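In structure tokens, one chain follows: the form predicted alone.
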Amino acid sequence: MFAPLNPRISDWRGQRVWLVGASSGIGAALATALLQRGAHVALSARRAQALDALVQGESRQRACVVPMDVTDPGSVADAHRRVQTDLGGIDLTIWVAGTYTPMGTDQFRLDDALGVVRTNLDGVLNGLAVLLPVMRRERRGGIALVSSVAGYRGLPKSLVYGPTKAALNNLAESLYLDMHPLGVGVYLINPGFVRTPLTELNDFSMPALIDPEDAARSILAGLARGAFEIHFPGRFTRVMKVLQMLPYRLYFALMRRFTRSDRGSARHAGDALP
């Protein structure tokens, strides 16, 4: 009953990792941490130059740069084939890629909203289209989806971002039920606020804000435990989990109070991703 829900990954030497969304923020910090620990890593994102800058010194022998656009199914399929060839297989895919646009009802723009959905949700589905057949056939490997505690409940200024993360949380649970019996690991990563280029868009205070390097350490610690959900920092995410259980009347009252206390700037619990 108390066994880990997933395979534990603590020794990264020789592990073949496809890291999607590696150009900045959490993804870049994870790339550095994994290469330092001896993993063989394929780095993917749209910005090839930013990926090249992450590969330094001896780690060049264990890294390959595979640019791709997660919103383009053909680009994802081509990148997957190249990663399979360059690494000789994939032991774990960590899907970090995502975007964030602060948006309330007074700022709703359809093009921006659909852009967030295409990256945060459609992008993951594009990845699953190429990853699932291989993992089901081989009955091994794993996938880690970086979502956000913004997906726990509806939040101010998170009109589109939050729903995409709620969808990822639900998706990860469904994936786990299907893939765990096959021996495939499914890991759900729910950060709070992480200092990235996109969180700089926020005009409100961000409680328990952490650096990407701290986020990377928390993710690797969660993978080492074999956890299903890896959430951090605990001092913030535990509060969000309590809020998740509140009845609507109390929850809405608290959100209105927090919004007013921030002089009209809404607090929200999302992690903006690279």
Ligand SMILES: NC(=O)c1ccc[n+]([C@@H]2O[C@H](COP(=O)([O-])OP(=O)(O)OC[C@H]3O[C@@H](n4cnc5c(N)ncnc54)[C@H](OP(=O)(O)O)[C@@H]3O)[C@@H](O)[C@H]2O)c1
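Quick caveat: nothing in here was measured; it's all calculated off a predicted structure. Don't overthink the numbering: it's just position in the shown sequence, from 1.
Same protein, other form: the form predicted together with the named molecule, not shown, and the subject of what follows.
TODO: Only one of T101, T199, N126, N169 comes within 4.5 Å of the named molecule in the predicted bound form by heavy atoms, so just point that one out.
DONE: The residue in contact is T199.
Task: Interface residue in the predicted bound form among I94, I90, A97, L155, criterion: non-hydrogen atom within 4.5 angstroms of the named molecule - done: Here the answer is residue option A97.
- [ ] Determine which one of 44-52, 240-248, 31-39, 221-229 lies within 4.5 Å of the named molecule in the predicted bound form, judging by heavy atom distances; exactly one does.
- [x] Partner-contacting stretch among the options: 44-52.
Open item on the list: Taking the named molecule as it sits in the predicted bound form, is S24 near enough to touch it, meaning that at least one heavy atom pair lies within 4.5 angstroms?
Closed with: Yes - in the predicted bound form, heavy atoms of S24 and the named molecule come within 4.5 Å of each other.
TODO: Although the named molecule is absent from this view, report whether D214 comes within 4.5 Å of it in the predicted bound form, heavy atoms only.
DONE: Close contact is absent here: in the predicted bound form, D214 is far from the named molecule, nothing within 4.5 Å, heavy atoms only.
Open item on the list: in the predicted bound form, does A63 come within 4.5 Å of the named molecule, counting heavy atoms only?
Closed with: A63 lies outside the contact set for the named molecule.
Open item on the list: Within 4.5 Å, heavy atoms only: does G192 come near the named molecule in the predicted bound form?
Closed with: G192: yes, in contact with the named molecule in the predicted bound form.
Task: Residues of stretch 141-157 in contact with the named molecule in the predicted bound form (4.5 Å, non-hydrogen atom) - done: Result: V146, S147, S148.
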